[in-house]
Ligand code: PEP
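Below, in structure tokens: the form predicted alone, a single chain.
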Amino acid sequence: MILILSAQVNQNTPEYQQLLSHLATLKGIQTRVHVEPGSVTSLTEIYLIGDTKSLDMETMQSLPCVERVVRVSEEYRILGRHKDDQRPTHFDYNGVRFGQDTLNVFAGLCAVDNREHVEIMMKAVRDNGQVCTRMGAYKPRTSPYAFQGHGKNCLNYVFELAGKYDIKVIAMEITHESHLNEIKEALHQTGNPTGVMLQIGTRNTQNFELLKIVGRQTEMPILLKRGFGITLDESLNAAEYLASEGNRNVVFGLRGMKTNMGDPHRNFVDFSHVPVVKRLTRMPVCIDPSHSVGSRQSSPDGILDMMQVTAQGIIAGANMVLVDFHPAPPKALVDGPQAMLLKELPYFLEDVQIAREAYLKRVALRQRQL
């Protein structure tokens, strides 16, 4: 059960202390307080953990400071959708809204290779009207001999160039808790010119200690990619690990499942789960066509497979696209064969808009039938 308190609640007031005192008398019930700061007011939620079935909704609603009560199901207690749950399905970060009704494109480098390519990429993103990009500094690789990323050595110039080209949010994977401090320090040294969305990659979806550590920081939102060999339920519970530690600003990423049933694609494309995730949870949903398809193959109509599956995901309601571009794919240090060309960026974005418009028309059509 979740108690959502009045917007004007002050945790130092007698009413708030009276509420906590009452909750402390409930047998077998533990409380966890979460405060979500906003630009004007803060939202305070109190989670009641334990056997809450016997608690009467009307009685709980009448307690001091309580504005609304939500009885949650067992699954996805914090990020899930529950009966009569009116909590928002969006969050704002560094001037960009991420929600189940928005769409943001993160086109950029799978792995940062040098300053020149970073600047070329960011300029292209800016020139095409975008404010988000992806820049891989830390790269977990299957082979210990493969390029692992430049790490903290590239962070300062990546963030400086983001500020130069008005990039608001950079999606950046981390693989170790030390990377959090390195990113924060680099942002501080460069004057906080941009924002970072921390990405938990598919290999770390069940690295529970890393999930807890990343979830305890609330300055930066998190993109959690689905585990490539586990069920959707297991991956959604991984997102709950993040939220249970305090960070509810989570985007759920679909990036394909590892099975030869998807051949010749790199992974079996799972974008049909976009509406499923939106139905089960309040998280925005991201699709990653680059790592799902993994090549630049096209159908007889000339449309790249990556663009075909991107359109499929967007028409299904995706809210974010994470896609690899590179100024010179043959020189890319990671996943060059799947990177799209900069000259294809305007075409890609226009195709994305066509798919988005189709999705909105489908939503409007359904609304007329209700």
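So that there is no doubt, residue numbering starts at 1 and follows the sequence shown. Since we're looking at a predicted model, the values are computed, not measured.
Beyond the structure shown, there is the form predicted in complex with ligand PEP, which is absent from this document and is the topic of what follows.
- Segments offered: 97 to 105, 154 to 162, 183 to 191, 196 to 204. Contacting ligand PEP in the predicted bound form at heavy atom distances within 4.5 Å is 196 to 204.
- In the predicted bound form, ligand PEP stays beyond 4.5 Å of every heavy atom belonging to residue 179.
- Interface membership of residue 139, defined by any non-hydrogen atom within 4.5 Å of ligand PEP in the predicted bound form, is confirmed.
- Although the partner is absent here, residue 110 sits close enough that one of its heavy atoms falls within 4.5 Å of ligand PEP in the predicted bound form.
- Mapping the unseen interface onto this chain, residue 278 falls outside it, with no heavy atom inside 4.5 Å of ligand PEP in the predicted bound form.
- Put simply, of 248, 273, 291, 282 only one has a heavy atom within 4.5 Å of ligand PEP in the predicted bound form, and it is 291.
- Of the residues in 311 to 330, only 322 comes within 4.5 Å of ligand PEP in the predicted bound form through at least one heavy atom.
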